[in-house]
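Form predicted alone, single chain, as structure tokens, below.
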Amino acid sequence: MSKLDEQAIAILQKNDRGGYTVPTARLYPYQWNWDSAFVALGFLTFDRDRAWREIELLLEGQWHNGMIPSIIFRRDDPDYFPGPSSWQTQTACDPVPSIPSTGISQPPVLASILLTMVETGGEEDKRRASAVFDQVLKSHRWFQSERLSPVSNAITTVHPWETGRDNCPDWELGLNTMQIDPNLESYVRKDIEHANPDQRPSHEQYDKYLTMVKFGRDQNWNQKVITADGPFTMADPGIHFILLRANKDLLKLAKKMGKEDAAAELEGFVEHGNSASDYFWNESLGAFTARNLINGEFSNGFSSASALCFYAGAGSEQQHSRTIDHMKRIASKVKFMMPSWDPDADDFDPQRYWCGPVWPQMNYIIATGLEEHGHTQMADNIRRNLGQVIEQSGFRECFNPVSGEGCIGTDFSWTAAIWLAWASPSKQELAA
């Protein structure tokens, strides 16, 4: 075990809050949805029981309608905004969620992580997966019902935070067509007290983010109303491809467990996802991109989510070929792959959150898809690049793709987890 392996384990243990893990202290003091799923992969390398506890505690926050919220507020921490008093899901919702949370979800990677846990484990892992299977399936049903767009066959995202790619330039299409609520209450941001403001979303963006929160609160978090009439409604290739992959992986689990009815239902979800993929194809750019559901306008930039078509197993050979061409072009512009936004775009910023930095969890799922489709050299380069920036800059939240400098949070849980599960040379030696 290397020193970095030991540091990664220590970070996960330090960020453990008694069965759930915070992404990093102070900046993100709660349990995040897709963070916890990736964190489970890290715990899986040295404590399988603790990995399962991460998943089980995440599912404790599931809503009655099936939604797994983006953040579970197990306590009210004054270091974070907007917290439970802003979302008010405990007072606005009927029925009331079991634990205070946000009113939106996040990319549904959980089923894919569960499949990995089962395929690398034994009978106890199968038992624990079976125990949570129905809850995970219910969360997939929620996407297919509560988030299905009324104007297309795509899944709707109603807030940039729901995508996990918070301030990616993709979302400017939706932000530009909405107005800030004139009755928005004053607020004090906490994120810029704990991180460089130049690397975080702007104040105007935050006003619009909180306008979306206010709309949801005013609608008592009626998800169908928010999806149909919300101030921000876009189709995200990231959520689309991650959900399509998750449906395929949950289908594999259903077949392993002999759940025939669930398998039939999931086959329908997969068929829908495959057919919806072309909605994201931007022919003029030659890539899968986000779209504004209000007017159908495409985003005009290649993002890290554009590269997830391989992970989902979606798209034609021609679409795959053009995607690879973009990735080769981008690789010639940066030192470390895979940047979150196109370095040839005017709004590329290698230091600002989702406007350019390399994200560990995205590298992992992008490379997984590439390897499965025979692009092994590119997949290996993406893995090695992540290892290099971690060795250079430590376990940061994300990394500058040009310099390798670490950005935003320090001692970050999913970075430690992805290192242990995938990027560490120790892991590669075991795999060999």
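Bear in mind that the values here come from a model prediction, so they are computed numbers and not experimental data. Sequential numbering from 1, following the sequence displayed.
The same protein also exists as the form predicted together with ligand GLC; that form is not shown, yet it is the one meant from here on.
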Counting only non-hydrogen atoms, the one stretch of 143-151, 240-248, 347-355, 315-323 within 4.5 angstroms of ligand GLC in the predicted bound form is 347-355
**Item:** Contact test in the predicted bound form: residue 412 vs ligand GLC, heavy atoms, 4.5 Å
**Value:** yes
Residue 164: heavy atom within 4.5 Å of ligand GLC in the predicted bound form? yes
Partner contact for residue 106 in the predicted bound form: ligand GLC, 4.5 angstroms, heavy atom
yes
May I ask you to state whether residue 28 is within 4.5 Å of ligand GLC in the predicted bound form, using heavy atom distances?
-> yes
Within 4.5 Å of ligand GLC in the predicted bound form: all of 23, 32 and 397, by heavy atom? yes
